[in-house]
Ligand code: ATP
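This document starts with one chain, in the form predicted on its own, laid out as structure tokens.
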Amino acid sequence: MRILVVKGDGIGPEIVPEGQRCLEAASEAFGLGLTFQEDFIGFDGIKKYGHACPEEVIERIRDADGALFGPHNNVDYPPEHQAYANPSGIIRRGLHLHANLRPSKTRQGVPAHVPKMDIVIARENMEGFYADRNMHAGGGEFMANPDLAQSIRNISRTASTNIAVAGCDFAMQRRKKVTIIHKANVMKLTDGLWREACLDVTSKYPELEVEEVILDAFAAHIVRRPQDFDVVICSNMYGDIFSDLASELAGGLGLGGSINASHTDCIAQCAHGSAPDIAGKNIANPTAMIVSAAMMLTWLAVKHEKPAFNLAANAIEIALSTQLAKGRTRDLGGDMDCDEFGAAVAVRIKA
């Protein structure tokens, strides 16, 4: 299988190769047959193509089996390249990556705000209040007059069904429990449709335990009893907020891996940004990129019915947790460099 490697900006050229290194180790250990090719977004995309996220890269991701997608620093792009959406928005819309799956997991040796957590936020990625992606033409935000700004929120049965299926499929690889988050007691039409679509999907997974939690109540429960949740299915803005909260509770965004996926395409992309202030110093934490790479293997295992990819993903997770317990990068209180940490995880994968 072919994996496209897109390093991006800031710390991307440091952390993405460590994700690739761990995938190469897993491929060797489990006979996955992964091959890797490279292309460019961000500042390097502008240099090569004249665009921070060119159509050529989107097509190459579509043709590949998966991609490692680095962070971007669009706030520092030249003005003419800030007039269009950032690379993440372009790639998600261009490939219709409707599912954003973000795990948060406490690990031995990593300081956390809760004693135990291992959840995945399954975030709908294409609509909601996000004005850069919820309209075919025009924007989802507008001003009726200088003192009144308005925003349209889209909740469709199709998009709600898509993320519910993605969340349920992922839960089947885990502890087989899903939690549906909504505010249907107040937003009876939009969250009401969301709730109805999600419950319709979960009814087709009799092996799953299913619960509903009202939005504001979940904000309390994720702090009070995070160990009780497995896969949490959220609409776009709710999922964006709760995934950051969950990451911070578990130890910080440096651990925040994620995948963005459609029915046919998947990219491994950290939940954090490009951290330009530490770029080039070899001190970034590649954990989130390694977690993202392992999640992509789980997605590929389901899509292609290849159990070896699940075994490889589990091996990466075990190797990563073991290494975090033994030695970490500076942001987690350790003294390891970025490449040193990635190499140590790769060695454990092959052990």
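The first residue of the sequence shown is number 1, and the count goes up from there. Here the structure is a predicted model, which is why all the values come from computation and not from measurement.
From this point on, the text means the form predicted together with the named molecule, which you will not see here.
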In terms of non-hydrogen atoms within 4.5 angstroms, which of the given stretches 228-236, 247-255, 178-186, 144-152 touches the named molecule in the model of the complex? 247-255
Among the candidates Val213, Val210, Ile278, Met126, the residue which, in the model of the complex, approaches the named molecule to within 4.5 Å (heavy atoms): Ile278
So which of Ser243, Ser274, Ser160, Asn100 gets a non-hydrogen atom within 4.5 Å of the named molecule in the model of the complex? Ser274
Counting only non-hydrogen atoms and a 4.5 angstroms cut-off, does Asp331 reach the named molecule in the model of the complex? yes
State yes or no: in the model of the complex, is some non-hydrogen atom of Leu297 no more than 4.5 angstroms from a non-hydrogen atom of the named molecule? no
Does the named molecule get within 4.5 angstroms of any non-hydrogen atom of Ile290 in the model of the complex? no
Is Ala284 near the named molecule? Define near as a heavy atom within 4.5 Å, in the model of the complex. yes
